[in-house]
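Here you get one chain, nothing else, as structure tokens; it is the form predicted on its own.
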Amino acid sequence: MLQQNVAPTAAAVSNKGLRRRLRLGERIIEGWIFLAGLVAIVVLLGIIFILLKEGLPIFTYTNPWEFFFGTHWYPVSNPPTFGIAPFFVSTLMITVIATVIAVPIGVACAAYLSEVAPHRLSETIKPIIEILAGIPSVMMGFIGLALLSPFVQSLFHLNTGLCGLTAAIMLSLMSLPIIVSVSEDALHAVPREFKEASYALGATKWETIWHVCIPSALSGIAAAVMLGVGRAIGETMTVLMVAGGALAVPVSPTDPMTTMTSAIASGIGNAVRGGLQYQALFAIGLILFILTLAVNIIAERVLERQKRKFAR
């Protein structure tokens, strides 16, 4: 009788100890997750603080209107002139063209790999596409210089192939692997029941992809597009090598141009720390940060509207 009472008590003590160890492991993991999130927030706030601290003083020398809408960038003239309209327009033009090229092709490739291609072919192609995302930007710049630039020059009969269109095409190629990979994962995660219900109602494969799979995976596709746009906005070396480097406001995509990132990269080495050019370049970085934030906010609003639409 005594042995029967002791055995359950020992088992209960063992289970209680196991639960304590599991709970301790959970607390450690929760602590690491909290610490990682806290570090990310601190780093983000630190970046914002540095950008504001180093960039805002330029507006005590140049008023914001002249800085944003001025068309002359002469940091070493007397007096210096800082107008970022050429950089801002070039960045928007190249980013929009790259996005228009990359997004439809990327989503279409993702839909093909997820829903149409044989499993073996999809499993072979996707790793190759993901490897393309790791190609250094300087190598993409060399490819643009050696192959794409002469082709664009001869196709449009230009004086030089180093222009915004060349940069936009190269950026679209650099954004494609990200868009394809993330979109394919999102489409692959769509429940099979959704597709089977669509087929049961008489829809074709392409109707199912367009009306069921893509709307259901819209959040993942939107994330893929945002990653692609972020890559296009923030890319430096490729644009610096193939965009042409002109300081005038571009009128056509075939004009040579300079983006905000390439202006920072080419000018920061010659800027005196704490000087006017140094402050102006940090102000450009602050504008890039705000531009990227605005794109993400707009994308989030559009995504929420689409979610409400399909929830009805």
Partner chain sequence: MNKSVKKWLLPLALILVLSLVFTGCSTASTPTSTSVTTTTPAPTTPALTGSFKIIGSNTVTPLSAVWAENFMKANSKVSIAVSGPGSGVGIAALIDSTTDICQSSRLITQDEINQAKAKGVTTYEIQVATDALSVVVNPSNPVSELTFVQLSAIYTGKITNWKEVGGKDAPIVVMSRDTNSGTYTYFKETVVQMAGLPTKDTTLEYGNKVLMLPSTEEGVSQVAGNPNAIFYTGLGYLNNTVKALGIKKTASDTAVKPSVETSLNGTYPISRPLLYYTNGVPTGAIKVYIDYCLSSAGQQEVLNAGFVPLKK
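Just so it is clear, the structure is predicted and the values come from calculations on it, not from any experiment. Positions refer to the first chain, counted from 1.
From this point on, the text means the form predicted in complex with the partner chain, which you will not see here.
For the three residues 128, 248 and 273, a heavy atom within 4.5 Å of the partner chain turns up in the predicted complex in every case.
Residue heavy atoms within 4.5 Å of the partner chain in the predicted complex occur in exactly one stretch of 90-98, 155-163, 225-233, 187-195, and that stretch is 155-163.
Residue 76 is the only one of 201, 76, 108, 116 with a heavy atom lying within 4.5 Å of the partner chain in the predicted complex. Taking non-hydrogen atoms only, residue 142 approaches the partner chain to within 4.5 angstroms in the predicted complex. In the predicted complex, at least one heavy atom of residue 124 sits within 4.5 Å of the partner chain.
The partner chain is not shown here, and in the predicted complex it never comes within 4.5 Å of any heavy atom of residue 253. A residue is said to contact a partner when one of its heavy atoms sits within 4.5 Å of a partner heavy atom; residue 241 meets this definition for the partner chain in the predicted complex.
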